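Have a look below at one chain only, the form predicted on its own, in structure tokens format.
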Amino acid sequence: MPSNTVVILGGGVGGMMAANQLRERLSEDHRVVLVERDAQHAFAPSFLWLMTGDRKPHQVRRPVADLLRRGVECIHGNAEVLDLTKRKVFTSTGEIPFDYLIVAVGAELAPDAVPGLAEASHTFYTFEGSSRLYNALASFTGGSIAVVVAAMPYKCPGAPHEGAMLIADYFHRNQRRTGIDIQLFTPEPQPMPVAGPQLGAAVVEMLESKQIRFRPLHTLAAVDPAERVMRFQQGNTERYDLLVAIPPHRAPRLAREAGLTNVAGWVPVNPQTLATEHPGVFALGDVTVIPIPGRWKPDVPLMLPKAGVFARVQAEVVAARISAEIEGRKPDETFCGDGYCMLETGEDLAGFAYGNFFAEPSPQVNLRQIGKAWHIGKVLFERWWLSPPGWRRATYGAMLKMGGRLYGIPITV
């Protein structure tokens, strides 16, 4: 059997899972190469806890190499050019030919897409941003805090609501909540429209219980940092004292210049196989666009949310299909569209939403009652992910599955 080289671009949740799964499935005759610019992996779901001081920076980062199986070649460098015709990736450290390619480069933040936003705002969507926001919250003495979703789509649809609630909880715990007004602005008609009106109403109720004003159908047009004023496309303006933004997202330049993206700027894939239109080239995670049943506006179809839980399962599907092809077997693994989210509300409490996002005629998503069990589950997941491959990861995975069985929920780890 001839040797094959599988190259994975991006060392986030999906990229690392794909690399580890391929290394486990394939013999040593085949190369598994991961290209990732950062030597340190930061666990994005923990950025909210970093923002509130519940985590220290060293607790949410690990060296990428420590999270990879032995035998995965890790190249730390920038993937600069992708030539799909010659089937080569040109990186800052050299060129890499490939037989199979997995594009898992994620979505990059583009605060520059909204005038004034980069200069005016903080964010909990990056490791560095969360650390800076912690300092800003610690020194905040009162006034209006605006949490603003700047544009659609964005990663982790529950995060803006979690962020607003955890900010409120931070001030409550520190006995500083009086005199602080928190508002959440979003272009969406409701929280997490992909999950349906019932779940959206439940999240609004959660926000209101924390005295957070929910401001739907507000599309940010510009920010005046000097006057601390936001201008919205709907024509109104709002003042703020502290601006916390979920910036616009876009696919990284590499994917756009390679011709992988569609007119909307994202990589279209087969929803079941994650294959692109190029033979042997797959894409997964936040860089992709996958239509699902239903619409959140009459003229706007729903898309699969950009979330790590989907990237992780998609990585397993892609790894299984590539290894089957290499070994001469018929690939039969498919992505089923199941997903879940632990929604932090503060006070060590969380809700749990889960469901089938490919269900007809629209996604079927349920929300379980808020409780400490879901918060503990999120802590366990954090520890599971940040542990190296081996018995520790297997132990945490077994604990998560056991918790899922107790609540009658199929949790895939």
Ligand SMILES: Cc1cc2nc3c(=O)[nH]c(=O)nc-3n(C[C@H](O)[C@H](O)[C@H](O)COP(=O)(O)OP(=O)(O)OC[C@H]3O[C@@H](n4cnc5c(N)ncnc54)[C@H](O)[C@@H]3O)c2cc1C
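Computed from a predicted model, the values in this text were never measured in an experiment. One rule holds for the numbers: they count along the sequence shown, beginning at 1.
Separately, the form predicted in complex with the named molecule exists; it is not shown, and the next lines address it.
Taken together, the three residues 51, 166 and 182 lack any non-hydrogen atom within 4.5 angstroms of the named molecule in the predicted complex.
Heavy atoms within 4.5 Å of the named molecule in the predicted complex are found in one stretch of 323 to 331, 117 to 125, 203 to 211, 217 to 225, which is 117 to 125. Contact with the named molecule in the predicted complex, defined as a heavy atom within 4.5 Å, holds for exactly one of 367, 35, 350, 67, namely 35. Shown without its partner, this chain lists 318, 148, 195, 104 as candidates; in the predicted complex, only 104 has a non-hydrogen atom within 4.5 angstroms of the named molecule. For residue 133, no non-hydrogen atom is located within 4.5 Å of the named molecule in the predicted complex, even though that partner is not displayed.
Interface membership of residue 378, defined by any non-hydrogen atom within 4.5 Å of the named molecule in the predicted complex, is confirmed. Under a 4.5 angstroms non-hydrogen atom cutoff, the named molecule in the predicted complex has residue 47 among its neighbouring residues. Using a 4.5 Å cutoff between non-hydrogen atoms, residue 77 counts as a contact of the named molecule in the predicted complex. Residues from 145 to 171 that approach the named molecule in the predicted complex with a non-hydrogen atom closer than or equal to 4.5 Å are 155, 156, 159, in the order they occur in the chain.
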